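What follows is one chain in structure tokens, specifically the form predicted alone.
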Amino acid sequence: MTALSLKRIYQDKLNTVVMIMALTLVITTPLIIFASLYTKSSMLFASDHSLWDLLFSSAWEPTKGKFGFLPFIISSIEITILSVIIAAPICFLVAIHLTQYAKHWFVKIMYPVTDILAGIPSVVYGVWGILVVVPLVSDVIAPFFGIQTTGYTLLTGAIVLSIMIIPFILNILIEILNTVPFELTEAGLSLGSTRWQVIKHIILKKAKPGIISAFGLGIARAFGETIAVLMVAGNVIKIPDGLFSASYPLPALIANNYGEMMSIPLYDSALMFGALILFVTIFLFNLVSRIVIYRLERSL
């Protein structure tokens, strides 16, 4: 065996070890995050706080040792669902137009536009929400329904959040629809189908697992968004009783209080438990999404 052959064998083994180490890091990172958050939250469980009371109680009085996370959980869920309801049809229709109908020059213009939107910092979206969306809700939308509000509401947070996740979901949808073989489109058109029939019955059906994955990732992104929502949602500790009610999502709770409450061990543990709720919720949602996608792929 020559020296060159030995060198190649050693390089191959080294590359294999490096790849295994990288794979191990990716796999173990979620476990390390979960273990860290659970360890930091353990003081809360050791102080006679049951999991049921923590998750389903509305009493949030840290000075009295009461940590009910229900208002924050409900706020997070409602803002996330509403933002996806607003963003989903926009992303879906725009992705279909850009991949199936739009001229090539227009598509080349839209790609950098979506990239710019995706790269804008969250705080800029928050400032835009304060300057534009808050007055829109307080002066136009709420009075239309006969309601008076400051504008810092559940609806405001959902609108800002929907604008933030649109480029994220849209880029994924465009890539998914572009992966559908063009031969399928040609075959459908050659059989006398209209353009929309081909899109509806062939392209969207073929891309269904990817479309579900795109919206699943969008929901996960929306659920954990912090700064922009914190700036416009109102941050009032109560279960929202309508679109024009103030809300207080879990990420906003952690961002607002963590720095100054680290000196209070039980409060610090409660905030880490809030982070643990976020982590477990997103993990379970992604797990369910993957199961649904796997079953869809098998049925196609």
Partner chain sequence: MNQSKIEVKDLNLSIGNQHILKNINCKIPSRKITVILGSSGCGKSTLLKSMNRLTDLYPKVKISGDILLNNQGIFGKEVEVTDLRKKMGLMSQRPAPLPMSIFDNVAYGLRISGRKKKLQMKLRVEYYLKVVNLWDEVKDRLKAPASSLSIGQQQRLCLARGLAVDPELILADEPTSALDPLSSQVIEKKFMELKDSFTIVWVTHTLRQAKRMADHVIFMYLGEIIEQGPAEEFFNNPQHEITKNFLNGSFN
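Since we're looking at a predicted model, the values are computed, not measured. Positions refer to the first chain, counted from 1.
One more form of this protein, predicted together with the partner chain, exists but is not displayed; see below.
Across the proposed site, L37, M43 and H49 without exception lack any heavy atom within 4.5 Å of the partner chain in the predicted bound form. The closest non-hydrogen atom of F144 lies beyond 4.5 Å of the partner chain in the predicted bound form. The partner chain in the predicted bound form is not approached by E175, whose heavy atoms all lie more than 4.5 angstroms from it. Remark: I120 does not count among the residues lining the partner chain in the predicted bound form, judged by a heavy atom distance of 4.5 Å or less.
Residue contact check for T194: one or more of its heavy atoms lie within 4.5 Å of the partner chain in the predicted bound form. In summary, among the residues L93, V124, A187, V113, the only one with a non-hydrogen atom within 4.5 Å of the partner chain in the predicted bound form is A187. Listed stretches are 82-90, 224-232, 159-167, 195-203; the contact stretch with the partner chain in the predicted bound form is 195-203, by a heavy atom cutoff of 4.5 Å. Contacts between 100-139 and the partner chain, taken as any heavy atom within 4.5 Å in the predicted bound form, involve only H104.
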